[in-house]
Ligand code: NAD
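To begin, one chain is listed below as structure tokens, in the form predicted alone.
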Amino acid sequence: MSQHKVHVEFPGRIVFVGFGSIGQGVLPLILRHIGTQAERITIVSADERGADVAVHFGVRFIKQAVTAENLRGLLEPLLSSGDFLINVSVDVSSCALIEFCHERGALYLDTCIEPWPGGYTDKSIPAARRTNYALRETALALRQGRENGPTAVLTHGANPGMVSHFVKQAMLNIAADTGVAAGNPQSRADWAALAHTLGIKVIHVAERDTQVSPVRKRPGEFVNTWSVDGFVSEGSQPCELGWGSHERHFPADGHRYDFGRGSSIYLSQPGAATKVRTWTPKAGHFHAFAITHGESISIADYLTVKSGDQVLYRPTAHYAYHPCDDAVLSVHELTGRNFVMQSEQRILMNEISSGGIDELGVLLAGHTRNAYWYGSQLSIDEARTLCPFNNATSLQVTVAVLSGVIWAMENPRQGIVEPDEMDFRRNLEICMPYLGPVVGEYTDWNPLTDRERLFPEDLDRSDPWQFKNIRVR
């Protein structure tokens, strides 16, 4: 792996908590691009998935679930000041790990804010407290007294994570194309003012995965191109979206929060049962799942313009995800079973056929050029040539994990940070070689295109970019 650029030398130890498809795909990237050795890396995982990958690279593998009871006893011998914990697990509390790492003086990164088991689905917990919004509020509250502590990067995979960097680059591109003087935005206020000036009403994280295997989904099986546990967990949470200042039609099943920053709302139904209309360059327009994701909340919050307590501007932001076709069938079966998980799981990797892509980017809409998509169009064929133990979907995530880890190593005393607060140029510089074609494209499509061809609909034709028009009912 000596032909690959080493971005940073890291003398400390690295510990993975969890080692599913994302952990397995990150490991070779770390060994390529971070100055470390396999002997300084340890994997702690609840099951044996990926143990063969660890053996392949000569990395220590401990099969042991991390629980609230054993966290300290298990991790204290593995982590001390200057070390790094990469959390790519499910059912392990991110906040507990962040607090532990701060006490130990260790750096930290996760790809989503996870609760302990049951935190997403426990009906004894109010729905508002089972959301990513609530998890984020809890994590950000840990900043108090830890402002200059060891860096802990929240939610830095592809999405949430890299898409926040795409949003910033997309805004600069739109500004350049529309004659808006963007300058060199640095602060949250700068970026929010630019989004307001551009007139961006809606931000979709718009993704279409066309990877397919000749071994098709069987009844009672959940098939996906990345973590099944992770997808089912977030798909079972209430649908969440950043709620824009332009919105005129509050959803009948929508709820506001009585705590926190108030940048988002949630619906009283799961994200895996909520569909929206969106657009990507290759796929055109399609229906997608509005799965809850951290970027929906953090991007909307980051780009809010206020005068005192009054919100002057905020975009609506949410995920719009069409997974691979077998995952769509799996979701339909899951919802038909009233969210009782299928007994079999399969992650598509080596059996994926040639030709499919994961088209992942951000759609910024409502401005003078209507809508602009910016993102990655990575194919399975290119992913296989770029890095082992990855498909197109996982590589977009794993290289973003790599860039977040490198940024934290280069900025080790930043306390708790979100992707929107990081250097987007540095992160994209690291990610770009692994993303395939990265393109920006304008479109005339909007959510009213070709509507009412069969039946009348209740639409707001005065503003195509109302969520009322975007949501599929």
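Start at 1 and count along the sequence shown; that's the residue number. Quick caveat: nothing in here was measured; it's all calculated off a predicted structure.
The same protein also exists as the form predicted in complex with the ligand; that form is not shown, yet it is the one meant from here on.
In summary, among the residues Arg32, Arg49, His56, Arg40, the only one with a non-hydrogen atom within 4.5 Å of the ligand in the model of the complex is Arg49. Out of the listed residues Val362, Ala158, Ala371, Leu109, Ala158 is the one that sits within 4.5 Å of the ligand in the model of the complex by at least one heavy atom. Just one listed stretch, out of 301 to 309, 139 to 147, 221 to 229, 274 to 282, contacts the ligand in the model of the complex at the 4.5 Å heavy atom level, and that stretch is 221 to 229. Not displayed here, the ligand is approached by Gln64 to within 4.5 Å at the level of heavy atoms in the model of the complex.
Contact check for Cys324: no non-hydrogen atom falls within 4.5 Å of the ligand in the model of the complex. The closest heavy atom approach of Ser45 to the ligand in the model of the complex falls within 4.5 Å. At a distance threshold of 4.5 angstroms between non-hydrogen atoms, Ile352 is out of contact with the ligand in the model of the complex.
Contact with the ligand in the model of the complex holds for none of Pro28, Ile86 and Asn390, as no heavy atom of theirs lies within 4.5 Å.
Along 17 to 33, residues Val17, Gly18, Phe19, Gly20, Ser21, Ile22, Gly23 each place a heavy atom within 4.5 Å of the ligand in the model of the complex.
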